[in-house]
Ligand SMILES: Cc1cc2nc3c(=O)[nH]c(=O)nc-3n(C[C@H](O)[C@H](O)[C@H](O)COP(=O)(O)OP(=O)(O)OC[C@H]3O[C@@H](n4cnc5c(N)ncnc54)[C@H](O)[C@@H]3O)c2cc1C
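The data below hold one chain only, encoded as C-alpha cells and taken in the form predicted on its own.
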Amino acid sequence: MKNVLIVYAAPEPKSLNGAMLAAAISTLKGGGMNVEISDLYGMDFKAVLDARDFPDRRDTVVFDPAAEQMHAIATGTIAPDIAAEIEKVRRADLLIIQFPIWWTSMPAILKGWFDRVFAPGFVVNLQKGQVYGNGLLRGKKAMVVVTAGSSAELYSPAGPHGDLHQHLRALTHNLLEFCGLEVLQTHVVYGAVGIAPEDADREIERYVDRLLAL
C-alpha cells in the first residue's frame, strides 16, 4: 500500500479535524506513502450533480444522471473536475474519508463528491453485476474517519442517538463496500465539540497510532 487519497470535508483548518489531517499527512508521508488530498471546502468543490457535468450529452432532451455518467465514463467526456478526482481514486490504494458528523451523517459537500465522482461505469457495472465483491474498486481499501460532537454513550447502541456505526453503514456498506472496497474499521473521535486541548492532543496521538498500524 503506497498511495493514499484523503478526501477531507471539514470547513475550518484550525479545527480538530484540521489538526488530524495535518497529523495524517505527516505520518503517512513519514512512512513512505504517497499522499494526495481532496480538501473539498478548500477546493470549493461543486457538490451538485447536474447536466453541467456532461459536456457531451447522450440525451439532450431528458436528463438521466446515471445514464449520462455511464456514457461520460465510456467516452471520456465527463467534466474536468470530476475527471481529476476519478484519477486520484484510480491511483489510490487506500482512501481515507474524513469528516465531522453533521445530523448523524456526512456534510453535503462530501455526499456531492460521492454523487459526482463515484459514477456508474467507474465504480460499479450494474449490467454485469459488478458490485460488492466484484465492484470495480476491488483491491483498494477505505477507512472512514469522523469526529462526533456527542459522547460515545449517546451514540452507543443503547443510547438515544443509536449506534453511530449503524448510522454510517449507508456509507461503509451500501456505498464503499458496494463499489468493491475493503472497508477498515471506522475511526471515531467522540465528544469533539469543545474538546479540551490536552484531550485533543490525545486523540491526535490515538489517530497517529492507528495510521502507523496500517
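Heads up: residue numbers just count along the shown sequence, starting at 1. Just so we're clear, the structure is a prediction, and the values are computed from it rather than from any experiment.
Not pictured, yet referred to below: the form predicted together with this ligand.
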Any of the heavy atoms of A192 lying within 4.5 Å of this ligand in the model of the complex? yes
Verify the contact flag for A148: yes if a non-hydrogen atom of it lies within 4.5 Å of a non-hydrogen atom of this ligand in the model of the complex, no if not. yes
Quick one: does Q127 come within 4.5 Å of this ligand in the model of the complex, counting heavy atoms only? no
Going by a heavy atom distance of 4.5 Å, is A200 a contact of this ligand in the model of the complex? yes
Contact residue in the model of the complex, from V123, I97, I101, L94 (heavy atom within 4.5 Å of this ligand): I101
Counting only non-hydrogen atoms, which stretch in 35-43, 66-74, 179-187, 149-157 is within 4.5 Å of this ligand in the model of the complex? 149-157
Using a 4.5 Å cut-off on heavy atoms, which residues of 5-35 contact this ligand in the model of the complex? K14, S15, L16, N17, A19
